[in-house]
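Presented as structure tokens, the chain that follows is alone, the form predicted alone.
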């Protein structure tokens, strides 16, 4: 048997990190066992589904390095299969038309609430006589289609993450709606639990890997598989991604979509690496930093945790910095160059740009950090408070004046690392100040701040495109 798994996102929003993590676990398992990873776009919610969200989801998956093995299935194109399944349930008496109005259902729920009971449909139209049904039709009522759920039934399955699962049908809320309201002779738009069962069966899905918030849906879907005489797949319910308070990560927590993480300057490698660790424990033989191809060699459900995984920004930032720090200057430049161009900066020659990428690379956590780290190389620096305070220290400005005097006979662009070190040492001695004071003051003059990349390399790089003396004079 060839393992076939799927991701089935709804194009009603951008690719959420939870959906992306589900996609990743599906891809890892399929790759591990030599199976196939498939996509199904669940676009039956026509009011909210948009093509731009489909594009965002597909682009996000590609960016993460997740490829699919067959063309995506579009759920709305399978609607005739869904209606045929519903009709077969109606024909067999396993489904029926319910004419209860929204007002009647609301009254029912209010009554249950007042009695301290959990809201559930009371199956009031399950066994209508033909006369009763005709009366409702004459009144002009529309009808939903409900699937019969017998309260006495117990649903069980072996969950690949959680082991033996047992669910009482009486906890499923009564007979389930499988098609929206329509005229009595029509089948309205089919609903989620029914269409998922039909589509997964049609696509020959062998394993359904999804979040634990779908466990109740799984119980309902197993009943539908049985009623439709279809073989159910195996199920694996992965832990939710939680915020620091232990609640499900949501938009209220800030950034949650993959496109937003990308826009902030996170790398695809770090995102995929980190999401793998959100609910999966790597073997001791693996380092925390790995590629998804490396993770796929070891991925199995024995190492998927049952408890929710708390999102840790510090861990993600560390992984992202490690990825960037191991990039070649050329690869880093490919990511930085579009940011520099967007800022409107005129770029010198390629060799100089490579040198700048190499210089600032070790100090970057996010790719976007390269904007502020690079700004002093393209714009006149503005002194921050620390820079201002540094230049107000006794001996700071005098030391910079002495440095300018010692540099009068030396071309700026001809100073190499060794010469620069010697000049700084000589200047500090001749000005009667500590070398550290001079170097911090020079950094403030060149960059406007006290933090940044290696001072000598910065000085050398600036000297190749501008007169550093101007920057120093403006600071004195």
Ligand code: GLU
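Keep in mind that what you see is a predicted model, and the values were worked out from it rather than measured. Positions refer to the first chain, counted from 1.
The form predicted together with ligand GLU is left out here; the points below concern that form.
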Exercise: residue 210 in contact with ligand GLU in the predicted bound form, heavy atom 4.5 Å: yes
When the contact criterion is heavy atoms within 4.5 Å, does residue 14 count as touching ligand GLU in the predicted bound form? no
Residue 458, heavy atom within 4.5 angstroms of ligand GLU in the predicted bound form: no
How about residue 224 - does it come within 4.5 Å of ligand GLU in the predicted bound form, if we only consider non-hydrogen atoms? no
Counting only heavy atoms and a 4.5 Å cutoff, which of 302-310, 347-355, 168-176, 191-199 contacts ligand GLU in the predicted bound form? 191-199
Which of these residues, 262, 397, 148, 214, gets a heavy atom within 4.5 Å of ligand GLU in the predicted bound form? 214
What are the residues of 1-30, in order along the chain, with a heavy atom within 4.5 Å of ligand GLU in the predicted bound form? 6, 8, 9, 10
